[in-house]
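A single chain, nothing else alongside it, follows as structure tokens in the form predicted on its own.
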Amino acid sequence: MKCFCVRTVAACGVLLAVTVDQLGAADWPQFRGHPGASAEDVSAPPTAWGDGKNIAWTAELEGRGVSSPIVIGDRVFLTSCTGPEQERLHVICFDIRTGRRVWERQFWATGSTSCHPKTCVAAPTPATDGRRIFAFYSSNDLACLDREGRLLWFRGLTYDFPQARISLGMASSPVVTDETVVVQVEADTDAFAMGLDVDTGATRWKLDRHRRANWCSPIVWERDATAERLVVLQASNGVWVVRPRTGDLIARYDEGASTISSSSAFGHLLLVPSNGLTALKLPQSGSELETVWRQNRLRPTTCSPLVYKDHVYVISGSILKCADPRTGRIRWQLRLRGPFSSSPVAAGGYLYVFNEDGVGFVVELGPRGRIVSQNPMNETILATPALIDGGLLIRSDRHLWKIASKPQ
């Protein structure tokens, strides 16, 4: 097996020096941050901004990027791509307090950079375990760096699996848990999920998957009784639940699922975009996930469902719907102005979501939803925001903004 793997003595020494670091509750470590994409322990960002008001800083970006920012402590990490064929891959680190660019690293893409004009090679959101940054790209290149930007290893997965590519571009974001980074690389010609060792990039396991184009991302789901962390792999033919370190299949659901919007977790329930929205739980025995409820009126389009304070929120077209995640009963709905590619996030009793025209909607949550502000950024926005305490990070192709009412 061919493997681009870079490790140096210096890099390993740095890694050992930071092993005591852990992710904090206020960090935003992956696509949609934490399971459910809400942050119940952080204060709400401002409910209105613009014309210099409540915009702490703006950082200029070059090239393309629809990936979301991630956050560890006082650092923000972001990916982008440049070049005539988007063949130059970037990982950029910013100071969260000032927006100053701390470092930037660049790599050449080793796989296909073909993409639909709406998206780009820097579509997957990076992930972190608090010590390392795992930057994944549509070209199926996976770079592992430490927090200071030193390259620890690099895998060009197209060298091993040249048929695993989509002419429209890939978009699935990685997750990391149990010392394993998990990626889904699923196309019509070849499809697999893979777990890689965080230290070396070596393959721990590989599972052949249903051969159909898939853009949704895996999620980490915590088993209630034992607090064991499992990984959910979603695709057009359903859902697999696997152990992250071994790839062992724990349970499955075979009634189909979305290939765009990803699942969310609500305690022991898994909320899957399938036949509308379907709530599943692990079986007492056997290997088939049990259906708890199904609501065909809760059908996400592009956005993934959001779980926040005992409610689930789904955007169907331009309609925001609030439902009980225990029963699927719809409690209220509210018309926004779409279309939406960015998924919503929530904090402090408010939901934040950006439409493709770059308008940020702030919705007060409660017995009935209410739009409290519409905030135009005047640029196309496809990326999902990242929440920080009292603030919000959002990116377009051209800019990264920190929205906050006071210094963070």
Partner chain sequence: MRYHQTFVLLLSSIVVSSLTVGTGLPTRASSRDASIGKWIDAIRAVGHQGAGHEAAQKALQNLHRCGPDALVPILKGIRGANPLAANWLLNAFEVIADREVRGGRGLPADELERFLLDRDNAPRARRIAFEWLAKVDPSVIDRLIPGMLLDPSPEFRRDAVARLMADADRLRGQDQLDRAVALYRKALTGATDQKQVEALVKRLKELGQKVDLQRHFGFIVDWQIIGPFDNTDRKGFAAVYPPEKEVNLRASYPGKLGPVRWVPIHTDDPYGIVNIAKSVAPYKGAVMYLTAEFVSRESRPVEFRLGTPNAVKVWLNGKLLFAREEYHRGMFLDQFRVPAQLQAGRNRILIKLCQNEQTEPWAQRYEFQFRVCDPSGLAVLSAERDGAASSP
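A quick note: this is a predicted structure, and the numbers were derived from the prediction, not measured. Residue numbers count along the first chain shown, from 1.
What comes next is about the form predicted together with its partner chain, which is not displayed.
Give a yes/no on whether R105 approaches its partner chain to within 4.5 Å in the model of the complex, heavy atoms considered.
-> R105 belongs to the contact set for its partner chain.
Does the 4.5 Å heavy atom contact test between G201 and its partner chain in the model of the complex come out positive?
-> Within the cut-off, so yes.
Would you please decide whether L145 lies within 4.5 angstroms of its partner chain in the model of the complex, comparing each non-hydrogen atom pair?
-> Result yes; L145 sits at the interface with its partner chain in the model of the complex.
Though only this chain appears here, would T189 touch its partner chain in the model of the complex if you measure heavy atom gaps against 4.5 Å?
-> Output for T189 is yes: heavy atoms within 4.5 Å of its partner chain.
Any chance all of R88, S114 and S167 sit within 4.5 Å of its partner chain in the model of the complex, going by non-hydrogen atoms?
-> Checked in the model of the complex: all three residues contact its partner chain.
Among 302-310, 175-183, 149-157, 321-329, the region lying within 4.5 Å of its partner chain in the model of the complex by heavy atom distance = So the stretch in question is 149-157.
Would you kindly say which of F266, W205, F161, Y253 lies with a heavy atom within 4.5 Å of its partner chain in the model of the complex?
-> Of the candidates F266, W205, F161, Y253, F161 is the one lying within 4.5 Å of its partner chain in the model of the complex.
Note which of R101, K281, R97, R297 lies within 4.5 Å of its partner chain in the model of the complex, where distance is taken over heavy atoms; exactly one does.
-> Contact check passes for R101.
Who in 229-258 is close to its partner chain in the model of the complex, meaning a heavy atom within 4.5 Å?
-> Nothing in this stretch is in contact.
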